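Let's start with one chain on its own, the form predicted on its own, as structure tokens.
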Amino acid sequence: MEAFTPRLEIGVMASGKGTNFEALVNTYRSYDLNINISILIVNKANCEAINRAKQLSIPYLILDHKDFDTREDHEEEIIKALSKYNVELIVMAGWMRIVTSKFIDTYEGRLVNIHPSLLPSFKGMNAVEQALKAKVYISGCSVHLVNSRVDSGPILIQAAVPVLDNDNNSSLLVRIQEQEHRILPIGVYLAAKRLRLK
């Protein structure tokens, strides 16, 4: 893969364990692609991703959505933080909040999401549970650009995962997340190439 010139600054938004965030950091530190994860933004003070940011020496910011009167006010602070760090591309890696059209418009073509299903199947919350209830034989994960419709933006890359007879939410999710860690850095790279080639 070709390195970026000038350096690509990425911001990550997370609400949970931060394993995809860690996978991004480790992947880009392993390859000379001139990509820097410059800021992690979380919306919960007890978000486990914070500890990963500390271990990886990545700046982080806690912006708890409960401290803001509106979704727009919350996102305005996120935009300020991303601007401060000159972020060009934003990755929603387990960000468990739907963003507004204003936020999407601000970062049109620059907002990437990871979703635990083979889109367009099983959009929205509880995608793994949806797949199990539908009794599909194959599930997986998708990296896509974000648009105004939930989990409906252009797909950048996907990975398939077989659904086993004895699978439950936890066991299937573990295997899907293994693939998420593999394809998210690739999907983000592809999004960045699209952006830089405009």
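Residue numbers here begin at 1 and follow the sequence given. Predicted model, so just to flag it, every value in this text is computed and none were measured.
Heads up, the form predicted together with a small molecule isn't pictured, but that's what we're talking about next.
Colleague: Each of Gly94, Gly124 and Glu180 having a non-hydrogen atom within 4.5 Å of the small molecule in the model of the complex: is that the case here?
Modeller: Yes: each residue has a heavy atom within 4.5 Å of the partner.
Colleague: Ok, Leu173, Ile157, Leu61, Val163: which has a heavy atom sitting within 4.5 Å of the small molecule in the model of the complex?
Modeller: That would be Leu173.
Colleague: Work out which of Ile114, Ile78, Leu111, Val87 lies within 4.5 Å of the small molecule in the model of the complex, going by heavy atoms.
Modeller: Of the candidates Ile114, Ile78, Leu111, Val87, Ile114 is the one lying within 4.5 Å of the small molecule in the model of the complex.
Colleague: Does at least one non-hydrogen atom of Gly187 fall within 4.5 angstroms of the small molecule in the model of the complex?
Modeller: Outside the cut-off, so no.
Colleague: Against the small molecule in the model of the complex, would Gly11 count as a contact residue? Criterion: heavy atoms within 4.5 Å.
Modeller: Outside the cut-off, so no.
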